[in-house]
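Okay, so here's just one chain, in structure tokens, the form predicted alone.
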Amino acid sequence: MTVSSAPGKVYLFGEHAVVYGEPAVPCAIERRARVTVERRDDDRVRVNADDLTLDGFTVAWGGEGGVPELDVPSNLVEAAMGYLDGAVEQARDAADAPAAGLDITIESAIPLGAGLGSSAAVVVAAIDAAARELGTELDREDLADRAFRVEHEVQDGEASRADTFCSTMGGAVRVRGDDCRRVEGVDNLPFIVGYDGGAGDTGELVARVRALRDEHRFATDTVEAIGDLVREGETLLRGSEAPLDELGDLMDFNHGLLSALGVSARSLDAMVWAARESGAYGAKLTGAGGGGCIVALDDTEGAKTALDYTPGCEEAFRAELDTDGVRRES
């Protein structure tokens, strides 16, 4: 039996724009997906993922047919199946064991589709644990690349390397196209996350931005403006001590630009404004948008307290920066 875990993430800056070759800075947070893998004597794959929950339904994965039993239909669950199928195929390929049977158990503290990198964390941990159970140790660069290939396939070629690289490496990372690297010297950032209990459809939201760019020049300019502020933010992060007030200003700008692209939501805007008005340095949505999570930069308890009392915020929590990335638990 082999166990790996991998962290979720928040975007400090750059979501959506990263799809078009602009840089982004995601940061790993200490909320993890944990995957346990045990080899079977036959060629079947059985998956138990009772922890993959989202506001009203639970995935009960497993059984001889390999089809999840659901109390409601969901494209998020169909995507989750694709991620796991892809992770198994990548592990089998790495170990040169195309017919290996596996029992897989997933435990996750990261809600599906909420902008915290749930799919990337599950894929990274699953490939790592399954490959090791099959006798193969992957280096982190290979693991991140294989995890990206899975997301790229499931998301119809629209995925960036940001989530999977961040989940594999940990810390704050800078991603632009295939150029991925850690931002050294960032030990912690005082993140507060607010979660509205819902989720956005990443594929639909990415497609919406693409359609807007195809129709309006201003949307292309908006995407490029996000890239410009990411570059400025990266410069601030590489300084001897990142100025939280200036980083917060850039987060506020980033949220405004994402709103202009139509990927925010009333619940996200309400949480962003609650955090800002409580004294946070800055706040923005994180991930694809449409629902899910916001991230605020605040070294006091003000933003969390405000979010706790904000209508529509189901949960608020402090999110420590995770510097480990994928972790081999056993």
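Note that the structure is a prediction, hence the values are computed from the model and not measured. Don't overthink the numbering: it's just position in the shown sequence, from 1.
Although it is not shown, the form predicted in complex with (R)-mevalonate (MEV) is what the next lines describe.
Interface residue remark: V19 is counted as part of the site for (R)-mevalonate (MEV) in the predicted complex, having a heavy atom within 4.5 Å. G292 falls outside the set of residues with a heavy atom inside 4.5 Å of (R)-mevalonate (MEV) in the predicted complex. Using a 4.5 Å cutoff between non-hydrogen atoms, Q155 counts as a contact of (R)-mevalonate (MEV) in the predicted complex. Looking at S160, you'd find a heavy atom of it within 4.5 angstroms of (R)-mevalonate (MEV) in the predicted complex. The candidate stretches are 267-275, 281-289, 33-41, 295-303, and the one lying within 4.5 Å of (R)-mevalonate (MEV) in the predicted complex by heavy atoms is 281-289. Proximity to (R)-mevalonate (MEV) in the predicted complex, defined as a heavy atom within 4.5 Å, holds among V88, V206, V186, A97 only for V206. Although (R)-mevalonate (MEV) is not shown here, in the predicted complex the stretch 182-203 places heavy atoms of just one residue, T202, within 4.5 Å of it.
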